[in-house]
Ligand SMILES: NC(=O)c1ccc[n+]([C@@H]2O[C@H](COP(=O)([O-])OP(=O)(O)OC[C@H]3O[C@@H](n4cnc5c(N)ncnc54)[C@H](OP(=O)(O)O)[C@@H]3O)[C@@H](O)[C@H]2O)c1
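In the block that follows, a single chain appears as structure tokens, in the form predicted alone.
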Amino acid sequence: MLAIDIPRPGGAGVLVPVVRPIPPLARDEILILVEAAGVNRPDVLQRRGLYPPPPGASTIPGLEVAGSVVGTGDGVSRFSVGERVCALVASGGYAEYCVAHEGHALRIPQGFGAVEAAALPETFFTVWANVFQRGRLAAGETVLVHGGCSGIGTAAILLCKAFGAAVVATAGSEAKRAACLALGANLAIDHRTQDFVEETLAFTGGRGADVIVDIVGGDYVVRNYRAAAVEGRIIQIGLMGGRVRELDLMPMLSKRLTHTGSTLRTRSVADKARIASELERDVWPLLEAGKLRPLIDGTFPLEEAARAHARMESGAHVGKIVLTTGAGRGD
């Protein structure tokens, strides 16, 4: 099969197409003929040598795929050959075939193509686990989403609005601010020209955000504490802005804040299966009813994964970037 390799850490140009064996199936796995694979920030970190796959996992990058089941392990009961699925995987998505644990796969929502389906697992699993499970977001609360036009950001806006929250989003240009509003954000802040703390407090009448979703870190952390409501929950998903250099913890004490974080890739099989089950129960009906739709920035052929990474690193993308294989393109 055709796959993308990372022969050494480096820039986008180190990604190269290679021929690899089709991966073998374990007892509880399905083999997917990949039509599309999502591109995510952790893929970029893996390429740079900063986020290695878990022990025993494939070195091929890629955390989410969509396509058709073409093989099943002896213990598989949820899926049959021929069914169309999307799946969260620990690695191996940038390839023409990929294996996934059956508990981490979901049927492609009715009315969705492979490209849209491939844009769901990584971001929707991440947002659901962090914002709804860990952050306990409730209807009527206000959530502040940093990086509103990223894959995580667009998914967070869509899901939080769908479940009755008011959404404040930050973005890095007027065009991206407009895109956040089009997705359903109640307020979009251009972080280059506006202070998100002041704007969030003004929007909430001085109360602050109940939940803050942060992919930035760095100097945003202390500002998040100022923007948070009493009993606020701050969800750390990424550290694009680097590590925290100074941190005054007094606002955490006085506001009784919860600051939590997690990564998805290394969570247990059972944890990921529980997230998948909740998504299937609570979110998939909204997708099939047309109430939610992932925002796609653009697609690239699998062979041009380097271009897809360059697009992500440019910061110009709005929504998800997706790779397509020959099976997905009908080659």
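All values derive from a computational prediction rather than experimental measurement. Throughout, we count residues from 1 along the sequence that is shown.
FYI, the form predicted together with this ligand isn't displayed, but the following is about it.
Screening Gly184, Gly172, Pro251, Gly73 for any heavy atom within 4.5 Å of this ligand in the predicted bound form leaves a single hit, Gly172. When you look in the predicted bound form, the only residue of Leu287, Ile60, Leu264, Leu31 with a non-hydrogen atom within 4.5 Å of this ligand is Leu264.
By the 4.5 Å heavy atom rule, the three marked residues Gly67, His101 and Ala270 all fail to count as contacting this ligand in the predicted bound form. Though the partner is left out of this view, Arg41 does reach within 4.5 Å of this ligand in the predicted bound form, counting heavy atoms only.
Using a 4.5 Å cutoff between non-hydrogen atoms, Arg233 does not count as a contact of this ligand in the predicted bound form. At a distance threshold of 4.5 angstroms between non-hydrogen atoms, Ala178 is out of contact with this ligand in the predicted bound form.
Taking the partner from the other structure, this ligand in the predicted bound form has a heavy atom within 4.5 Å of a heavy atom of Ile152. With the partner left out here, this ligand still marks one of 202-210, 112-120, 189-197, 222-230 in the predicted bound form; by a 4.5 Å heavy atom cut-off that stretch is 189-197.
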